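Same protein, same chain, two forms; see structure 1 and structure 2 below, as structure tokens.
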Structure 1
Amino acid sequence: MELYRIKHLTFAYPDCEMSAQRGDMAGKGKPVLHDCSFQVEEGSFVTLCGGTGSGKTTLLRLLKKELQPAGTVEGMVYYRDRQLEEYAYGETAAEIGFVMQNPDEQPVTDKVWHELAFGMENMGVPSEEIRRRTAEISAYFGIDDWYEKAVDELSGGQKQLLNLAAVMVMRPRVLLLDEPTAQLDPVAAQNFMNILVRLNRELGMTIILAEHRLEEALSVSDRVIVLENGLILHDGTPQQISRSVRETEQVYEALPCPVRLYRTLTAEAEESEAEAGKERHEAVPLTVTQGRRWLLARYQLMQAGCMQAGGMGKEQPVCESRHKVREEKAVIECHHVRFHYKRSCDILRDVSLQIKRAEIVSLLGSNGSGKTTLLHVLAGLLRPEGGRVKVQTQRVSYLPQQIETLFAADTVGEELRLVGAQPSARLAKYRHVHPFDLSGGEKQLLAWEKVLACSPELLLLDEPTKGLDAAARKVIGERLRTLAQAGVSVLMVTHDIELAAAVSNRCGMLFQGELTALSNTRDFFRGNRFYTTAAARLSQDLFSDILTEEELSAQCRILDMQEKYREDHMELISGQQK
């Protein structure tokens, strides 16, 4: 049964004028969405992906009447065979659920159980049914232990789970989610995705998910729609998308590691088969499990007898992608720092840390572990209750997690003029737009421009790639390397494990208010099973000491070259014998 039908949907925000003749913006670029058409079947799991500013959030909001943005709309949105505009306000409020990107933006009450009951109370649901529904949803989501807690005492992962539960208790037919795992730690993000899969598989819930990171979403989706510059670039099954997305397109970097590795290693073979008119029927590995099976099938025959405890290709050298830190003096250090908020136990118990000049240090950990609090203490925004902090430079820039606190002007152009900067290529088209009207990723880019305009010697970064597409995250990584090579020190709190592995000199984890396992990046990730990169999980027990996708690809190419040499050598020997 068809739940949504979108026909030739075009949308432009009110700061731009729509040209009916040309179908574009008169003098100010194209619409945010342009001529989008697709259908969504009831019970399906659809993932929307694309670069920062591609129109994902706008499209999602146009699918729920109560959240539709102001602007010029052309085309039609049908919900259950009726135009969405024909429904009265509130008529579909419960049927169409929406979960936002930022866990802090959605709660409206003080207590967890108040939040669960709030929507039903507004819909006039009887008290007895409210109690029954809240009890049932609490048991299903496993939130009984913090049912009586205050919302502001919850971690980010718990808040996002509460947001989802508060929507699901209204019994919607469709669930719209706008990058719901963007601010969650890797374990919490995985748990959240597992719940979405359960809702889809067990309850038949229709799910439309906007997501930058496809490591988990791609394999569980029935359908993937790729947006770029407001246009639908690709629309198909995960297998079709994995083959059709080109390396030149922004979304390619967002494909799971097994997909990109497969595409890299089979590129020449696929090109030869295409020239010969053959069609490749081998399935693209979408998950780590499928990728490991494919690697085994590809290399086990070549490396007969090498699948032993030591791993395959252990003798091969490991690529080292990070720069080495010179022996430098400390730019910032803290010793035995303690801190706690009112009505809470110690958030920071005994934290000691030293950042040297030109060094990049990444701190990981679960939501609520104290990472942001530590940055606030180091930035001078909070005074520690014990211990001391010593900063050796006055040129310190701080990128907060709530980046809206950096914005003080009415337009992007004015915002950058305040710090003597010009808009980058990706922000130039938004110079006349209010900063709060930007997408989450675009806000993040604007905040980056403001922070770096001050030419800092020390950068304190709180989730610097939050809301950014894979291509932008890669650019941020390269920029951090360049800054470090120029002598800038960086302390970064992040859930982006791939970024931390690619650019950091040292990594550590905050756990129960203490800094644990702070060590060289490779040593830190070597022993981890959950807080580690996709390439490390993919190559575990097959190759030794692999951390990044580039290292894994290099190892595979070495084996391919060895096999090619062996085959050529055998042909030569065979020819000589004849």
Structure 2
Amino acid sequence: MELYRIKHLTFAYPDCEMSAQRGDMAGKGKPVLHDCSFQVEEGSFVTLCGGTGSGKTTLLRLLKKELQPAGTVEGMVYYRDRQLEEYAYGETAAEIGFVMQNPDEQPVTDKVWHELAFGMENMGVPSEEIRRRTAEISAYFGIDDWYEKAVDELSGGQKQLLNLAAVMVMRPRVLLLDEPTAQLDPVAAQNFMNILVRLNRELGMTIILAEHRLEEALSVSDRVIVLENGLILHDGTPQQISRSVRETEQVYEALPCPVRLYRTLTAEAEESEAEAGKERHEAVPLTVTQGRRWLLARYQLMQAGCMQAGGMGKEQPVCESRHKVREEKAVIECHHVRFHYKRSCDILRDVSLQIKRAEIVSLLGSNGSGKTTLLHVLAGLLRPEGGRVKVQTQRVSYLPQQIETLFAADTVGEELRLVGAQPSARLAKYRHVHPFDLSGGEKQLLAWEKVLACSPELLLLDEPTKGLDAAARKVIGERLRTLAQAGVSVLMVTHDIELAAAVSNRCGMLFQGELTALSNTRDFFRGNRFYTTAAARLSQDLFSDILTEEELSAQCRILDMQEKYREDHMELISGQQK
């Protein structure tokens, strides 16, 4: 049965004073959504994929009456055979559940149990029924243990789980989720996705998930809709999407590593086959497991490690784009730093670290391992209790996780003037706009400009790619490389393994307040089996020493070429023999 039918939906935000002030083309009534049509079957798992500003949030909000943004709507949204407009306000509040992006913004009340009850209180459900349903839902989601706690005490992952539970307790027919995992660490994100899959498989819950990355979502969804600039570019099963997304499209970067690898390696073959009018029937590998299986079959690597026997794997890393650190002079040193907050155990136990000029050091680690605290100590916000911190430069900049805390002025121009800088060309037109009114990407840009205004020698970054889409992450990677080439040292703490592997000179892991395994990036990831890049996981035991996707595809290309050469050679020999 169809749950939603969207017909030629076009939407434009009103041309308000603000957008006129911004001088922004997007504000002048230019549609955010263009003629979108699709249906959603009951019980399906649909992923709406697109980068920042692709219109997916707007589309998602248009599907829920209570959250519909103000603006001009053309086209129809049917929900269960009736137009959404025909429903009375609040009639579908319980039926259509909505989970927001930021786990901090959805909770209304102060206690977990009250948050769970909030929706039902609004619907006028009697107390006894509320008691029954909260008990049921907390057992299902496993939140009994923190049922009594204050919402503030929860971790981000727990908060988002609570938000989901608080919506589920109202017994919705469909769940709309707006990038629910963007602000979570990888473990919590995976956990959240697992629960979504469980809801879909066990309860037949219809799920519409907006996401800017497809690593986890692609393999579990029934259907993927790709949005770009308000247009539906692709709509189909994950397999179809993996084939049809073009390399020039933004969303290509968001595809999981195995898919991209498959696409890179089979691009030529596919082209020639397409010319020959044949169609490929081989399934695109969507997960790492499928990718490994495919690689094994392709190169007939029946036994682990046989590549080394052939002498292939021993070759040095195929492409090493990393810059070299020449100087030995340390910009910042800390020795045996210890720290703990009031009424808590030691956050930092014994951390010693040295960062040289023009070096990028990444620290990985789970939540609560003391990463942010270490940055605060190094930035001079907190005094270490033991050990010492030696900073050799005056110009240290710190980019916080929550970039809004950087902004304290009323306009973008004022913001930059405070730190003695002029807005760059891209921000110049927003000179008179309040920083909070900028879009996500522009905020990010402003934050970077503000932080870089003092031309720092040492840059401390706290999760610089959190919540960013693939394109923005790429930009940050590039920016870090350029900075390092200009002689800036960077220390970043991050959950983004791919970024760390791509740009850093050294990586370390902060665990229980201690710095472990701080070493050369390649050595660091070579020693890791679980906590490593997708490319490395794909090629584990197949090729040695693969870190990034480029390396893996280059390695595979070499194999292909050798194979081709061997075949040609054999043909030649057989021809000669004849």
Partner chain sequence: MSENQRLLMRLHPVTILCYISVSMGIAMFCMNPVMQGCSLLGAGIFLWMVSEHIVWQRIPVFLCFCLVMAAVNPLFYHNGVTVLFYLNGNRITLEAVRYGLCMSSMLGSVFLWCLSLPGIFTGDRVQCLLGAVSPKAALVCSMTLRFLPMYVRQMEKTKEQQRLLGLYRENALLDRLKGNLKVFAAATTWAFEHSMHTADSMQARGYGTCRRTQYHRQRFKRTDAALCTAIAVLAVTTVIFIKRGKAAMQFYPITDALPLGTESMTAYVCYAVICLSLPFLMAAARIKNHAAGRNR
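Not measured: the values here are computed from a predicted model. We call the rigid core the largest set of C-alpha positions that still match within 1.5 Å between the two forms. For numbering, take structure 1's sequence and count from 1.
Of these two copies of the chain, point out the form predicted together with the partner chain. Structure 2, not 1.
G43 C-alpha moves between structures 1 and 2 by 2 Å or more, core aligned: For G43, whose C-alpha is compared between structures 1 and 2 after core superposition, the shift is less than 2 Å.
Align on the rigid core first; then say whether the Cα of L458 has moved by at least 2 Å between structures 1 and 2. Yes, L458 moves 2 Å or more.
Once the core is aligned, does T521 move its Cα by at least 2 Å between structures 1 and 2? Indeed, T521 is displaced by 2 Å or more.
What does the CA of Q444 shift by between structures 1 and 2 after fitting on the core? Give it in Å to one decimal. With the cores aligned, its C-alpha sits 3.6 Å away.
Once both forms share the same rigid core frame, by what distance in Å has the CA of H432 shifted between structures 1 and 2? Its alpha carbon moves by 9.1 Å.
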